[in-house]
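Quick setup: one chain, the form predicted on its own, written in structure tokens, and binding and motion questions come after.
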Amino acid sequence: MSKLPSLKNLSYLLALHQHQNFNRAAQACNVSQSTLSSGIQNLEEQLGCQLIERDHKSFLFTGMGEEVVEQARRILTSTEELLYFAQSQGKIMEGPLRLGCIPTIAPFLVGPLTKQLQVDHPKLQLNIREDTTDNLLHLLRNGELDVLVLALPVDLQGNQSYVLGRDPFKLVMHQSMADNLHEPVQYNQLPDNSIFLLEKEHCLTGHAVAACELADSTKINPFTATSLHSLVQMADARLGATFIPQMAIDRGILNGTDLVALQPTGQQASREIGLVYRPTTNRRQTFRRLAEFIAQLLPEPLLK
């Protein structure tokens, strides 16, 4: 049997693919540029194929190189999971766990979740990354995160998920604006440009518009906010109304304001919350247990 490629050389290849620069890739791997280059050349010799086309100024990955990068990513991710499993001696709720969560969920979930896990599973080392859906899915694919908490529906890019629960939307506005409205609120009762939303990078905007059946774009203000807290401040300043998920309301985002939460139009004005993981993972038991913890913290648990 021929000698197998080393994990170290596979990691060099991934670093070069990520950074697209030999010097930066070598720095990321804490080795010299010549060591990294030699490692990749050794990998090419072992595999018997060209992974990178080089000249004295630039390089590019061959088609086979791109394929090997994907295989190497899966191998290193599985090896890392094997290491976690061994370090925890098979105990599913021990050791490091890298969790990604979107900004419209994280501030209202992470605190209660962390406190509960510290009580029930103190040996679980939860590391949390807050970012947009697209960025988190990229990090999951690259093996830099283990599991994600996302709002659904969304393109899972081949990953698998547990549906944890439902998070209803409320139409939030100043009390003075709500005095003459009836629930569920009909949008034709609202002035043009009176509904404020998040930037398009946040999936909550699309979910809220679809779930709450807001078809009249003239009601949407062109100004966008970067966070739910910014939306709350604008509504409290009587600039207009906005959609806020029940989870955030339950955690007190409206405290200290003169805002009221009304039922918007839409038969099922809500988003689903899901736990997303790679289909190749060997930590399904861990993720299932984590899913049970998170579901208990949602306004309408659905996990069975």
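Numbering starts at 1 and follows the sequence shown. Between two forms, the rigid core is the largest collection of C-alphas that superpose within 1.5 Å. These numbers were taken from a predicted model, which means no experiment stands behind them.
Beyond the structure shown, there is the form predicted together with the DNA, which is absent from this document and is the topic of what follows.
For the chain shown alone, Asn255 is not a contact residue for the DNA in the predicted complex, no non-hydrogen atom being within 4.5 angstroms. Although the partner is absent here, Gln18 sits far enough away that none of its heavy atoms falls within 4.5 Å of the DNA in the predicted complex.
Using a 4.5 angstroms threshold between heavy atoms, Arg283 stays clear of the DNA in the predicted complex.
Shown alone here, Arg24 lies within 4.5 Å of the DNA in the predicted complex, counting heavy atoms only. Proximity to the DNA in the predicted complex holds for all of Tyr12, Ser34 and Asn42, with the criterion being a heavy atom within 4.5 Å. Considering the DNA in the predicted complex, the lone stretch of 24-32, 269-277, 232-240, 64-72 in range is 24-32 [heavy atom distance within 4.5 Å]. In the core-superposed comparison between the shown form and the other one, the C-alpha atom of Phe22 has shifted by at least 2 angstroms.
A displacement of 2 angstroms or greater separates the C-alpha positions of Ser11 between the shown form and the other one, with the rigid core held in common.
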